[in-house]
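Taking the form predicted on its own, here's one chain by itself in structure tokens.
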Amino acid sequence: MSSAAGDSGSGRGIPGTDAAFSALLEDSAEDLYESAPCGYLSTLMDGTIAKINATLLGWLGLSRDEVVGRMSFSDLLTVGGRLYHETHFAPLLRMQGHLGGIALEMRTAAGPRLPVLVTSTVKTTEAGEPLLIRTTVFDATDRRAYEKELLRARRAADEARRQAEADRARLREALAVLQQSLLPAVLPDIPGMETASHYHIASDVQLGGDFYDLFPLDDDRFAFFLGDVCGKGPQAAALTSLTRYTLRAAALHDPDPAAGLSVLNTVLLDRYTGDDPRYCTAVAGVLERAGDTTHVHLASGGHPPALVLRGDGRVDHLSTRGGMLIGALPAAQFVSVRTALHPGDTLLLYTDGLTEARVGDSRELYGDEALESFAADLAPASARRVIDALTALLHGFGDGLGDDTALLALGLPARTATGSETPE
């Protein structure tokens, strides 16, 4: 029984284990020191090398006779490593008695540098006096290669980021120029009237699809329109361009707003067929000045209703319910409405980016009622004041404003007590 137990505890009876176990027992401490997978050396307190193992000598390509008693630890280091050792490593080691994981570079006899991680401990006498320094050296070649690869990858990523930012800046600049080409550079002066506009772009890297325009038909009449095409990007820009030029040409040929929307409907159905339908909403109209009054005739195709901020503080909602999307159906119907602007009145046109903004903690739609209430609090107001107030409102929506928004205001200045017109 005891013999069997002894065999089990020693590992005997398993083929090959006896020889391996015996070889392990025969390994001397000196062999373990000399052949360790890391470098060992011991130095006097002045740095003179007193002992060094074969592993480290092999890494450096030096013999024991060249090193022991003839060289100091700092002699094994590169110039930069020697400076760091003398100014940082050695003083800290004397103060603390131990330093671990310090990255240095050693010189080899063949020339290449050897990146290493060094850990040193000061051995002291029983009285606490420093006696010698024991140092362990680990080959950090693979780690250094890994760090260099990481650094290279980081630099490449930084360069790619800088290039992407530069490309993005160029794209923003190009898109801004193209976006401006889809809008009037300035609104024309209309005798006796005030005009103002604003365009909010939801994304600086994507073309918006909202549009507006104001232009003369003759000496007494001006045409206007404002709308929103489906989609974003280059296709939306192409649709916007086609829509603007079609409406301008149609108004010059026939100033009736509903007729112009019908022409646009036909053009879009003819241009965009098959599996890629394109449509838009729009409100178009004509202004005609008659003394102190400006007559407004407008028509809408699926667009939010225009508002009139009256000089007496009221807000009129110009309903065009029933107007259909433009470019969706061959027999689309468009609804017309007429009104008159008197001194102090301002006509407001807008796209649905304004009313579809998300507000509050519940992220509810801003909505038509909120806009009418905002306008009622503002009225009476000049065209410039209306646009400035709505621009501030848009900015206040923050990230709740996710769509492009176009604003156009046309107003008659209020009259003073003497009868002269005065801007607000």
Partner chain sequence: MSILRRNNVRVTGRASGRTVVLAHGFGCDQNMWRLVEPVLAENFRVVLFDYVGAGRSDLSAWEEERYSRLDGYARDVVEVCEALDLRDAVLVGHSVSAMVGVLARAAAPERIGSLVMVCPSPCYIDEDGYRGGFSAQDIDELLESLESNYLGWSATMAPVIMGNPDRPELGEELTNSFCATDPDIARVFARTTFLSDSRSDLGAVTVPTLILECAQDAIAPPEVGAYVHSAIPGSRLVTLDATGHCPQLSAPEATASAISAFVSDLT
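Positions refer to the first chain, counted from 1. Because the structure is a prediction, the values reported are computed rather than measured.
The protein also exists as the form predicted together with its partner chain; that form is not presented, and the subsequent description refers to it.
Engineer: If contact means any heavy atom within 4.5 Å, which of 154-162, 324-332, 232-240, 271-279 contacts its partner chain in the model of the complex?
Structural biologist: One stretch meets the cut-off, namely 154-162.
Engineer: Please determine whether His200 contacts its partner chain in the model of the complex, using a 4.5 Å cut-off between heavy atoms.
Structural biologist: No, His200 is distant from the partner.
Engineer: Look up in the model of the complex whether Thr78 has a non-hydrogen atom within 4.5 angstroms of its partner chain, and give yes or no.
Structural biologist: Although its partner chain is absent here, Thr78 would touch it in the model of the complex, with heavy atoms inside 4.5 Å.
Engineer: Can you tell me whether Leu207 touches its partner chain? I mean in the model of the complex, with a 4.5 angstroms heavy atom cut-off.
Structural biologist: The answer is no: Leu207 has no heavy atom within 4.5 Å of its partner chain.
Engineer: Going by a heavy atom distance of 4.5 Å, is Glu288 a contact of its partner chain in the model of the complex?
Structural biologist: No.
Engineer: Using heavy atoms only and a 4.5 Å cut-off, determine which of Arg244, Arg310, His297, Arg82 is in contact with its partner chain in the model of the complex.
Structural biologist: Going through each option in turn, the one that passes is Arg82.
Engineer: Find the only residue in Arg338, His342, Lys148, Arg134 having a heavy atom within 4.5 Å of its partner chain in the model of the complex.
Structural biologist: Residue within 4.5 Å of the partner: Lys148.
Engineer: Of 90-121, which residues get within 4.5 Å of its partner chain in the model of the complex if you count heavy atoms?
Structural biologist: Pro91, Leu92, Arg94, Met95, Gln96, Leu99, Gly101, Ile102, Ala103, Arg113 sit within 4.5 Å of the partner.
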